[in-house]
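Here you get one chain, nothing else, as structure tokens; it is the form predicted on its own.
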Amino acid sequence: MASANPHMVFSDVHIAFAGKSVHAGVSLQVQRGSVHFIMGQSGVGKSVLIKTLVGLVHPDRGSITFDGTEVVGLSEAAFFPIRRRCQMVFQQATLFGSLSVLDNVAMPIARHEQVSMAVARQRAAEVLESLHARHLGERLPATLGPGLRKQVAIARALALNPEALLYDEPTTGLDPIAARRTDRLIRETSIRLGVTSVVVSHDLQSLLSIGDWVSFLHAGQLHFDGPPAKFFAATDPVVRAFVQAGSSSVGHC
């Protein structure tokens, strides 16, 4: 999906580990405010690709821009402002077990904004309220199920008012009800706050429910790039095999 002012651009990205190619010239764009899925079989490097945006993985060749800023070759210090504007929600919603939900969300505010914990807690409470989770504030993470922990992880990522969120398999390991609740949260965040959402996922129901665009990776390259309706209707044998393998979770696929 090309536009004159995309939020993120990957151009001819090459990545290899221990001599084994993962990406061999991947090029794609992510539009502002969209919910953009990156899909493909396990091992194709979906998570690897989004980690390049925040400097957790460094490509061997190619260009990657975030809001027009080239991130390939940035120093660790230069990535700090990028990471603040582009937050990552990891597959395992790791929270500080000894801290309440409220303090888990308040901590990055206090640290990055250099405000008191009292001020940070007030802002954290507002973030939790916006995600319908203020009632969880005094609970410890160990008392929460996987779906609620994911909700808190998203709240913590939103605490610094990022422009973009990168979700790594956000519904993996969740029961169907919690998975669909997470989907709704991603979509609501996109609509209400204008946050660009990049979602690495195998979940075809999520794509069908909330996706604006899907980039499908195969054999180190971009194999399909288009709206979900065209993805589900594609006759390409690689895409069809992927859709059919996951059709049990999507009623009409």
Partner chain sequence: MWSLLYALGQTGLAVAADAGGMAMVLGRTLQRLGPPRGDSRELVRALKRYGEESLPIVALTAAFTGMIMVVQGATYVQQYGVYNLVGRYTGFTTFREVGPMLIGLMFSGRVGAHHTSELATMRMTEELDALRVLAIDVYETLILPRILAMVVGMAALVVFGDLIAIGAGAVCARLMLQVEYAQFFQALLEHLGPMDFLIGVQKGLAYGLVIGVVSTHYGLNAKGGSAGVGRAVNAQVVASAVALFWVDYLMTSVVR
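Just so you know, these numbers come straight off a predicted model, no measurement behind them. Positions refer to the first chain, counted from 1.
One more form of this protein should be noted, the form predicted together with its partner chain, which is absent from this view; the next part is about it.
J.: Check, residue by residue, if 201, 207 and 244 all come within 4.5 Å of its partner chain in the predicted complex, counting heavy atoms only.
T.: Heavy-atom distance to its partner chain in the predicted complex: none of the three under 4.5 Å.
J.: Counting only non-hydrogen atoms, which stretch in 122-130, 170-178, 135-143, 74-82 is within 4.5 Å of its partner chain in the predicted complex?
T.: After filtering at 4.5 Å, what remains is 74-82.
J.: Can you check whether residue 107 is within 4.5 Å of its partner chain in the predicted complex, heavy atom basis?
T.: Flag for residue 107 set to yes.
J.: Examine residue 54 and determine whether its closest non-hydrogen atom to its partner chain in the predicted complex is within 4.5 angstroms.
T.: Residue-level check for residue 54: yes, a contact with its partner chain.
J.: Could you confirm whether residue 94 comes within 4.5 Å of its partner chain in the predicted complex, counting heavy atoms only?
T.: Looking in the predicted complex, residue contacts with its partner chain include residue 94, since a heavy atom lies within 4.5 Å.
J.: Given that the partner is absent here, does residue 182 sit within 4.5 Å of its partner chain in the predicted complex, heavy atoms only?
T.: It does not: once its partner chain is placed as it appears in the predicted complex, residue 182 has no heavy atom within 4.5 Å of it.
J.: If you apply a 4.5 angstroms heavy atom cut-off, which residues in 177-200 are near its partner chain in the predicted complex?
T.: Heavy-atom contacts to its partner chain in the predicted complex: nothing from 177-200.
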